[in-house]
Each structure stands twice: as C-alpha cells, then as structure tokens.
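One chain comes next, on its own, written out as structure tokens in the form predicted alone.
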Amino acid sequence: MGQGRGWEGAVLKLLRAKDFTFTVTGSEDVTADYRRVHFTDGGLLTAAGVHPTMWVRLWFDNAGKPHQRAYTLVDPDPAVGTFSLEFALHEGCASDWARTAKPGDTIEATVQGTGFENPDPAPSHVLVVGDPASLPAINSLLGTLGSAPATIWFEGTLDGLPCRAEPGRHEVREVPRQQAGAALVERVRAELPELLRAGPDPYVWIACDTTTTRTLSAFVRKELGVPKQRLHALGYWRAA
C-alpha cells in the first residue's frame, strides 16, 4: 500500500492501514444529485468488523494522480459481505466515478482511523449539525443512540434524500447554504445554547465542511463549555 498513491498513501501505510478492493454490484439515483452505489466488500467487514458511522477511504484517479475521499458505509451486512455508499454529486473525480459506476467495476479502498464510542452516560438529547455529505453518517448515528430525541441542523434541503429521522423524535431544521456556511454557523450559534441547557446529558455531533466544523467546534467547546467527551466534530469536505 502507498505505491502510486503519493505521500497520503505512504502515511497511511505507516499507520498500518488495511487495503481492500470493492466491486460494484449496482447503483441507483436517489435524486438528480445524490447517488447510491452497492458493493461487495472484498473481505472488509469480516476483517475489520462493523461499528456505527464506519467509514472508508476510496482511491480515485484524478487526471493521473491519486485522490482519496472518505465515505460512510450504508447498511453494511457482514453475513453476506455487502454495503452501499452514497455520493452527494458535484464536480470532481469522485462524483464522476459514481455517476458512471456499473456492475463489475472495482475500486481500491483503505481502512484507517475510523471508530466510534457510545457516549457515557447515554445522551438525553442528540444535537447534530450536518449536510448531504454527512447524511449517511447522520443516519447511522440516529440508529445507534437509542431512544434519545435529536435536533438536526441540516445545511441544504432534504427533498428526496434518504434521511432516516423519525418524525416526533427527531427534528430537522433545514438551513440554506449561504456565505460559505456562515448562515449555518449563525443559526446554530443562536439556537444550540438553549437546547444544551434543556437536558442533563446532551451530546453534540458536527460534520460539515472543514471550516464550518472547526468554527462550530470551537464555539461549542470554548464558549459553551461542552466537554470533549460530549462532542464529536469532523470536517467531511473542504470548500473550494
């Protein structure tokens, strides 16, 4: 691993990352801008196990250069070795690959750095900030944290997207993407503090573009005083 993948591949090799080859079995367009691709796992699920919000790095060809992007597994089934990945389509080599993926196509993947620890104590309220890129992880999270209610600030619109929020238990607050994420930051800063005070054991989960995630994470930690064990924050993509 690492040969032909530049410094990123070399670093992952040093970190004892594991490589797998996934094979496409089918695909479907959920919306015009959101595509689900189905795979066999090349032994991944047996070797690595399964946990909530589990993700893998896929390697794409970008004009002859290696390019990696991380994606959350959707409905992994270790018994048969299958899962799906969901792509929020835009410009770029990853989206180009997903648009044309057909049964029999293969793609190389690396597993390293993924993990999940259930919050202890269990959340009294889950407070989520995400967008289409992190929707598969949001769905996985909601299916994991028991009966806790959740409030989700979702940057964009859920129209037609496969959100697994349950009406009556999970509230989704859609926020248009404006000013490179500034509208989302403003909305969360205004509404999150009151919800944090509403229960004894809140849990905050943030996964947006890298800049927005860092801004909101700093706000939650430094200004609202949320301890690090009650906050998960990970930048899912970089704005151009």
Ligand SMILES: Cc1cc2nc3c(=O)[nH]c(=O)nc-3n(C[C@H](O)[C@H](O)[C@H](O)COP(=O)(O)OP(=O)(O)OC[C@H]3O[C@@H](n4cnc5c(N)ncnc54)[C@H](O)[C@@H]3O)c2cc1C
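Values in this document were obtained by computation on a predicted structure and should not be read as measured data. Don't overthink the numbering: it's just position in the shown sequence, from 1.
The following text describes the form predicted together with the ligand, which does not appear among the structures shown.
Review point. 102-110, 146-154, 79-87, 161-169: which one contacts the ligand in the predicted complex at 4.5 Å, heavy atom to heavy atom?
Key: Contact criterion met by 79-87 only.
Practice item. Check whether residue 195 has any heavy atom within 4.5 Å of a heavy atom of the ligand in the predicted complex, and answer yes or no. Key: So residue 195 does not count as contacting the ligand.
**Study point:** residue 234, heavy atom within 4.5 angstroms of the ligand in the predicted complex
**Key:** Close contact exists here: in the predicted complex, residue 234 approaches the ligand to within 4.5 Å, heavy atoms only.
Practice item. Although the ligand is absent from this view, report whether residue 139 comes within 4.5 Å of it in the predicted complex, heavy atoms only. Key: No, residue 139 sits far enough from the ligand in the predicted complex that none of its heavy atoms falls within 4.5 Å.
Check your understanding: Any chance residue 175 has a heavy atom within 4.5 Å of the ligand in the predicted complex?
Key -> Taking the distances in the predicted complex, the answer for residue 175 is no, it never comes within 4.5 Å of the ligand.
Check your understanding: Taking 91, 133 and 239 as a possible spot, do all three reach the ligand in the predicted complex with a heavy atom inside 4.5 Å?
Key -> Checked in the predicted complex: all three residues contact the ligand.
**Study point:** the ligand in the predicted complex - contacting residues of 48-70, heavy atom within 4.5 Å
**Key:** Contacting residues: 55, 67, 69, 70.
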